[in-house]
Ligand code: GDG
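First comes one chain, alone, set out as structure tokens in the form predicted alone.
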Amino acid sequence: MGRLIVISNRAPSVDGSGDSGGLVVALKDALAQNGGLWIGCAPEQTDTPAPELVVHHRPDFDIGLFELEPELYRDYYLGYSNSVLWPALHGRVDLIDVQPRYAAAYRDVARRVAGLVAKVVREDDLIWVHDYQMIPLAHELKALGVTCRIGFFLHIPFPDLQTFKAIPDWQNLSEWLADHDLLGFQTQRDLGNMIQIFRHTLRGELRANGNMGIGGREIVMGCFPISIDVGGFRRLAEEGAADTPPPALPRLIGVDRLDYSKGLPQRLAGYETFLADNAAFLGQVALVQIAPPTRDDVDAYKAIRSELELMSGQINGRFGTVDWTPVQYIHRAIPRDELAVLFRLSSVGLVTPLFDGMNLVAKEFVAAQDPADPGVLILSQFAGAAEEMREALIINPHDPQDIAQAIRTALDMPLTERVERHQALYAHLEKHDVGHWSAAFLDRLRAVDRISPDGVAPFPGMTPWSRTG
């Protein structure tokens, strides 16, 4: 059996110091089994990039770094990836910034990475490409004669046909996606959108087995909801909370990267409506909103930061007293172990994105709770997690009244109902943890070459339209 080669924009730390949480935890064991290789962009740009992958050997797997010039990286990452694809795939076509050099850089990076990968890949290796920054990679690899199986997983949402066609290079993107052997998405929503786009743009035919026939070949597609290390995060929260006193007031908590897709102004508007409509709760609750900075060089992110700071100040000025601050706004990253404790000692978790691929904060909040006295999760209907986490309070993030009512419902909810909801949510997460996610995807990718010419799927019951597992 060959190696697993993971390719993403960012690679794990060379020394393993940044391996807590996220994608690295999900893939470490799979990479370690067969001497795997993780390829990603070097953290520092250079005017003289190395002509080969810069390989670092770790005890568990190897890290291969590709180097880029500062201008090329800027146009590929801040430019096309995050000023064109990110807003488009999140439904914000009004924020797309079209510059010809962005598209050229995006394609150039894919060609360069493909050339470096082609030098080290073996015929029996398995390649797993991650996320929107690397969509053309399979196309470029196959153009160089690479024949091993290539899977792609999109971590962010995938839009409907009309939104997709707002991307200037939508036809190319559709063809590049079709060059993968397996396409994985977070939700049924995203998978359904991909099917419609393939039908419209490439005359794709949906087969009885759920795969898509395009141009004489068959593309396997599936829904693979990503998750977290449920048990590990729960232990982190338990251990930290044992030495931490509970907050003086019931805490509402939100933890989000500072991004326009997360619905932060709408969340604050809902909280302000709650305070205005529920005078009995004035001075009795507090919202902690943690929003670490991200992509500060993009104008849209500067705007959302200013808006959030202004709204926080307005709410505190309208309702606050000498002894009570309604909104505690933190614009910096908080260590993961501290977040776990904050979640455990919070009464309400607010996860209200306008459009999200999954949103693992929702799963972390549930995993961190004390099962004997759990908090309540308020979850946007537009988060991918809402497809799985039906026992949360599902809300419309665009409606301040809906958010306000959900906050009141959560704070008034009796213990028996809170326990019942938490038990159901936790049981699902425990069964569908991050290990289940990676195993499900890799099992499907390994089976791609075992799909028979008549299109019979190798896994009975594992059609793309069923919940994995």
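For every residue, the number given is its place in the sequence shown, counted from 1. In this text the structure is predicted, and so the values were computed from the model without any measurement.
The discussion below concerns the form predicted together with this ligand, not included here.
- By the 4.5 Å heavy atom rule, the three marked residues 140, 195 and 220 all fail to count as contacting this ligand in the predicted bound form.
- You can rule out all but one of 142 to 150, 168 to 176, 309 to 317, 256 to 264: in the predicted bound form, only 256 to 264 has residues with a heavy atom within 4.5 Å of this ligand.
- With the partner removed from view, the residue among 305, 155, 111, 398 that has a non-hydrogen atom within 4.5 Å of this ligand in the predicted bound form turns out to be 155.
- When this ligand is considered in the predicted bound form, only one residue from 230, 358, 134, 327 comes within 4.5 Å through any heavy atom, namely 358.
- When contacts are judged by a 4.5 Å heavy atom cut-off, residue 121 does not count as touching this ligand in the predicted bound form.
- For the chain shown alone, residue 161 is not a contact residue for this ligand in the predicted bound form, no non-hydrogen atom being within 4.5 angstroms.
- Of the heavy atoms in residue 292, some are within 4.5 Å of this ligand in the predicted bound form.
- With a 4.5 Å cutoff on heavy atoms, residue 364 counts as touching this ligand in the predicted bound form.
- Shown here without this ligand, the chain has no residue in 192 to 219 lying with a heavy atom within 4.5 Å of that partner in the predicted bound form.
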